[in-house]
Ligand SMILES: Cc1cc2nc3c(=O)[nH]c(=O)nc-3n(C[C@H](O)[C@H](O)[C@H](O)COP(=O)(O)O)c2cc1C
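Take a look at this single chain in structure tokens; it is the form predicted on its own.
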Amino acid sequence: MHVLAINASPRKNGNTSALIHAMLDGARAAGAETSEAHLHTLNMKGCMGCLSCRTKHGVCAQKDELSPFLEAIKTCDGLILGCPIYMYRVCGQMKLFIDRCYSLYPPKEGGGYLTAVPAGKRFALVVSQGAPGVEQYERSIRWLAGMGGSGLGLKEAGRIIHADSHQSPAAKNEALLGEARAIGRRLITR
């Protein structure tokens, strides 16, 4: 069993990262191998809009340090998507990643899209925001869960929306970290 985390936070020790690492700890405790793509450190580019993935389904023509992680989404058993909210939306690193996921959406005959990701996988979501109300960025969070998870055919194992992150650091909130570890275990337990 393998769980892949896509960490879009530019801060390796920030709130998003602390919660992702707790989820990965939970997955490892349940017997999974884990890996993490820290998007801010990768030499990656955005979607070129070349549409080659419309004929070579499931394969992005852009070759960079993100490419192996896009392929790993097809083979992993669980996926964690994590990012902070910046400027009222998901951070730029996550937007670049989701744009590149377009290659995982092959066209369906007659219109619409299929998924290049095999069935039976689960995903979890981690979002950290400075605003105190968890519902403030609900629209952005729903978009992220849809485009990066359920739209690809993955079933949600859980999510953590960490609000008021400036006043309440995730790394010091044992209840929140415990919840993250439990979600990590659920990623691979059926």
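When you see a residue number, it is the position in the sequence shown, counting from 1. The structure presented is a predicted model; accordingly, all values stated were derived computationally and were not measured.
Separately, the form predicted in complex with the named molecule exists; it is not shown, and the next lines address it.
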| message | Can you work out whether T34 and the named molecule are in contact in the predicted complex, taking contact to mean some heavy atom pair no more than 4.5 Å apart? | response | no
| task | Although the named molecule is absent from this view, report whether Y137 comes within 4.5 Å of it in the predicted complex, heavy atoms only. | result | yes
| field | Contact label in the predicted complex: Y86 to the named molecule, heavy atom within 4.5 Å | value | yes
| said: Using a 4.5 angstroms cut-off on non-hydrogen atoms, would L51 count as touching the named molecule in the predicted complex? | reply: no
| message | Please tell me which of G153, G46, G130, G146 lies within 4.5 Å of the named molecule in the predicted complex, judged by heavy atoms. | response | G130
| said: Partner absent here, but in the predicted complex, which of 36-44, 23-31, 122-130, 59-67 has residues with a heavy atom within 4.5 Å of the named molecule? | reply: 122-130
| query | Counting only heavy atoms, which residues in 151-181 are within 4.5 Å of the named molecule in the predicted complex? | reply | S165, H166
